[in-house]
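The chain below stands alone, shown as C-alpha cells; this is the form predicted alone.
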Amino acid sequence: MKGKAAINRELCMACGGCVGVCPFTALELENGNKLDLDGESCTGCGICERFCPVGAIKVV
C-alpha cells in the first residue's frame, strides 16, 4: 500500500510547483501562502515530492 504526502510546513515556501503537477488535484494553495493537502485525493504517487524544490513534501 502506498503512503500519503506529508508537508513540512517549516520548509514549504508555498511556491505552488507541486500544485500544478498533482494529477489528482490533492494539493492547493490557500490565500497564496499556505499549502493544503486533501488526504482523500492523495494517492501517494510521489510526483509532488519530486517537484518540490526544497524537499518539503515526502510520501510517508
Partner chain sequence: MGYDVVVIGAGPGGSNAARTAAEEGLDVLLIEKRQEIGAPKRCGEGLSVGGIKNLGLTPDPRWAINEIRGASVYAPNGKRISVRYPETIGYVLERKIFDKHLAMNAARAGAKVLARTVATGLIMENGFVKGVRYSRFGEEIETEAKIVVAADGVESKVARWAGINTTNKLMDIDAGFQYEMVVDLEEPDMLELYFGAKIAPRGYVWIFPKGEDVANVGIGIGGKEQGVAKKYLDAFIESRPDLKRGSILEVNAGGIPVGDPVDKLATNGLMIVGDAAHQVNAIHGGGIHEASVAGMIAGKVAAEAIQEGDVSEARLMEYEHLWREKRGKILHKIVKLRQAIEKLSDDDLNMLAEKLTGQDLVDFANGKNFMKLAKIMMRRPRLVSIAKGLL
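Positions refer to the first chain, counted from 1. Just so we're clear, the structure is a prediction, and the values are computed from it rather than from any experiment.
FYI, the form predicted in complex with its partner chain isn't displayed, but the following is about it.
Checklist entry - Given that the partner is absent here, does G55 sit within 4.5 Å of its partner chain in the predicted complex, heavy atoms only? => result Yes, G55 sits close enough to its partner chain in the predicted complex that at least one of its heavy atoms falls within 4.5 Å.
Checklist entry - Is S41 a contact residue for its partner chain in the predicted complex, using a 4.5 Å heavy atom cut-off? => result Taking the distances in the predicted complex, the answer for S41 is no, it never comes within 4.5 Å of its partner chain.
Checklist entry - Quick one: does L37 come within 4.5 Å of its partner chain in the predicted complex, counting heavy atoms only? => result Because no heavy atom of L37 falls inside 4.5 Å of its partner chain in the predicted complex, the answer is no.
Checklist entry - For the stretch 30 to 57, which residues lie within 4.5 Å of its partner chain in the predicted complex by non-hydrogen atom distance? => result Counting only heavy atoms within 4.5 Å of its partner chain in the predicted complex, the contacting residues of 30 to 57 are N31, G32, N33, I47, R50, F51, C52, P53, V54, G55.
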